[in-house]
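We begin with a single chain expressed as structure tokens, specifically the form predicted on its own.
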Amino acid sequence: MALKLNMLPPSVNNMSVRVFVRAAGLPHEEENVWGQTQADEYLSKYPAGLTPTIETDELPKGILGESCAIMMYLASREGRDDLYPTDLGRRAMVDGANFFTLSILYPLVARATYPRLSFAGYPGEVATSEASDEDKETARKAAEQALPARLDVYPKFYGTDKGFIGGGDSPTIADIRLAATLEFLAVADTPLPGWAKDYIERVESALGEAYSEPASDVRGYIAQVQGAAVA
């Protein structure tokens, strides 16, 4: 079976893997599974009902989810030390940045941006509760106000103000994951810090169309949502 990537074009979670397979030059078939992830056929393969996923006979279950796990697996399979360093010190920084992005930064990004992107929130969140619109907006603003302190970790600890995560001269999977995540902050009220704007440009310049093509789907969706809000 050729590598199959199940994805949703407007999602930055999906964008990261879409960027990776292009940057790594991996032959793959991309399928837009919008509206299909809760259907029996998809759930029978991946009960989490989430994207992105890759399908290949090489995997124990034939399928794998979670953006960072997918990139780690494929980079290791292909021996792409440039994208996922084998040096333990550099890899530790890449892994640490990815786990920080997924566990600390992204939940705040989701709470701050999903309501404006018309994305479904997570169960238990204020945005999905019976709270008033005013209370939901208060919660959204609180998440957005917490973002600057979390973002500041990246230039201070991971070196994103000058280079790439892991200390190499080209983007790693942690850079792909972080840069993609930052794309959603275009709908936030708080402007991106200067280092973050430069960083996205640096990652995109280094990866070229491998980044800009998937990014265009995310940016196009954001522009559509913002246009609808103005209208």
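All residue numbers refer to positions in the sequence shown, first residue = 1. A quick note: this is a predicted structure, and the numbers were derived from the prediction, not measured.
Below, we refer to the form predicted in complex with a small molecule, which is not included among the displayed structures.
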Proximity to the small molecule in the model of the complex (heavy atom, within 4.5 Å), stretch among 167 to 175, 36 to 44, 192 to 200, 55 to 63: 36 to 44
Non-hydrogen atom contact L182 with the small molecule in the model of the complex at 4.5 angstroms: no
Contact of L102 with the small molecule in the model of the complex (heavy atom, 4.5 Å): yes
Contact test in the model of the complex: Y158 vs the small molecule, heavy atoms, 4.5 Å: no
L5 within 4.5 Å of the small molecule in the model of the complex, heavy atoms: no
